[in-house]
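Shown next as structure tokens: one chain only, the form predicted on its own.
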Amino acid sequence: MKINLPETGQKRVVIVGGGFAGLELAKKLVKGPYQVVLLDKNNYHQFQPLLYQVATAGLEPSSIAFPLRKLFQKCPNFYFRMTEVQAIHPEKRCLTTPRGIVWYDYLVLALGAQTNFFGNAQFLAHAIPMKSISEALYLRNAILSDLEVALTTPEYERRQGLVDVVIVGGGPTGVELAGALAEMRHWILPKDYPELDASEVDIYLVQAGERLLPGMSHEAAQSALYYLQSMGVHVILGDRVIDYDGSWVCLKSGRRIYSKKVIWAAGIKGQTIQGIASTSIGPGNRICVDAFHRVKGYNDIFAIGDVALMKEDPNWPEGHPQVAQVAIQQGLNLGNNLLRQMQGKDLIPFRYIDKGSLATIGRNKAVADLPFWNTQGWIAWVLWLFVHLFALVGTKNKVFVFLNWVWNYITYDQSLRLIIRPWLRKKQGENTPSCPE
């Protein structure tokens, strides 16, 4: 069975994934001569750099998500289908999904990345990842629910396990999340939970390397460490988490931390997909591509974004960093090349232009590494705000996020701390327990 798509006579470009790379490519191609088909398991684009603010009740989920159909409403040669890809069949130039078969002339894999638990089943079973809106909401529910339970838990050690948080990974996600939780402990807990001693809440950030923010400058790493420690975060450097059973975090040094919440921000790997030859898969489960984004071994299959591993850029011989700017630039370059190919023009090899890196730790605290200038503190924080604000998709989202940030800056508070659980149908025979006699 085929997925219902019109046969228009146009060359069909099928894009798998509506993240930064896939979205940029689709935007470039929809006004051209191709029929563009976008496949994604969600019907929205999510702005991953702000997931941590959803997890800490700083933003609503809808503020960082944008419906894919709405973005392309006025594009007659664009088609979206919400589904997952089960397998690719390169010899037949088609892919299979639960909803049917999709034929392609050109296939672009913009699958993004998934959390890397490094093969540890315990981490997979008990740690909380942070790669999607649903995972961010799960974390928000876990934080708030455990605070509610802690209020009715008289035993000190048990209560500590409920309120303490361990973050694994000292990259931008871990640093930003630790800072947001520290601010939540300082400004929110005394107001929302006055019966709870906020000083009991310990936030641990564990980084296996000897410094935070390994992809940024030494000055940025030192400033981030200083900011976090001044905010009361326990930063553990040069030690690695080797086990977690849902209650105890075990470090390589022998140290143990009791916590019911471990947030995993220690690494990512490419999404797997059946049908791509193992010889085309490189380190980190990323798909090896040439300078024109073609998957090695295939002429009509491309990969862009976090899942792509390109070693042909002389400035990045080990591959590009898995960040939004790389994905956006790759999507734009591939879009230009597909249009040039239709016009019979020469293709342009991809060269990444590094526009810098940013990370925020909290109010008036951020670090910025720019091509010709590094800065920390308030200026970096304002720069971070504007860069992320203008990178959001949708004018409404930009306005809502800006208003949320202004309100939070003035009041030191947000009214988004809601525990919203997914609805589950009650099973027959379940009875409400009665009070004891």
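From a predicted model like this one, the values you see are computed outputs, not experimental measurements. One-based numbering along the sequence shown.
The same protein also exists as the form predicted in complex with a small molecule; that form is not shown, yet it is the one meant from here on.
Quick one: is Gln48 in contact with the small molecule in the predicted complex, heavy atoms, 4.5 Å cut-off?
Because a heavy atom of Gln48 falls inside 4.5 Å of the small molecule in the predicted complex, the answer is yes.
The small molecule contact in the predicted complex: Asn77, any heavy atom under 4.5 Å
Heavy-atom contact with the small molecule at 4.5 Å: absent for Asn77.
I'd like to check something about Asn336: if you look in the predicted complex, is any of its heavy atoms closer than or equal to 4.5 Å to a heavy atom of the small molecule?
Flag for Asn336 set to no.
Within a 4.5 Å heavy atom cut-off, is Lys398 in contact with the small molecule in the predicted complex?
No - in the predicted complex, heavy atoms of Lys398 and the small molecule never come within 4.5 Å of each other.
Please state whether every one of the three residues Val16, Gly19 and Met130 places a non-hydrogen atom within 4.5 angstroms of the small molecule in the predicted complex.
The answer is yes: all three residues contact the partner (heavy atom, 4.5 Å cut-off).
Of the listed stretches (289-297, 316-324, 153-161, 230-238), which one has a non-hydrogen atom within 4.5 Å of the small molecule in the predicted complex?
Looking at the partner contacts, the answer comes out as 316-324.
Heavy atom within 4.5 Å of the small molecule in the predicted complex: which of Val102, Leu181, Val85, Leu139 fits that? Just give me the one.
None of the others qualify; the residue that does is Val85.
Going by heavy atom distances of 4.5 angstroms or less, which of Ser223, Gln207, Thr173, Ser259 would be at the interface with the small molecule in the predicted complex?
Answer to the contact question: Thr173.
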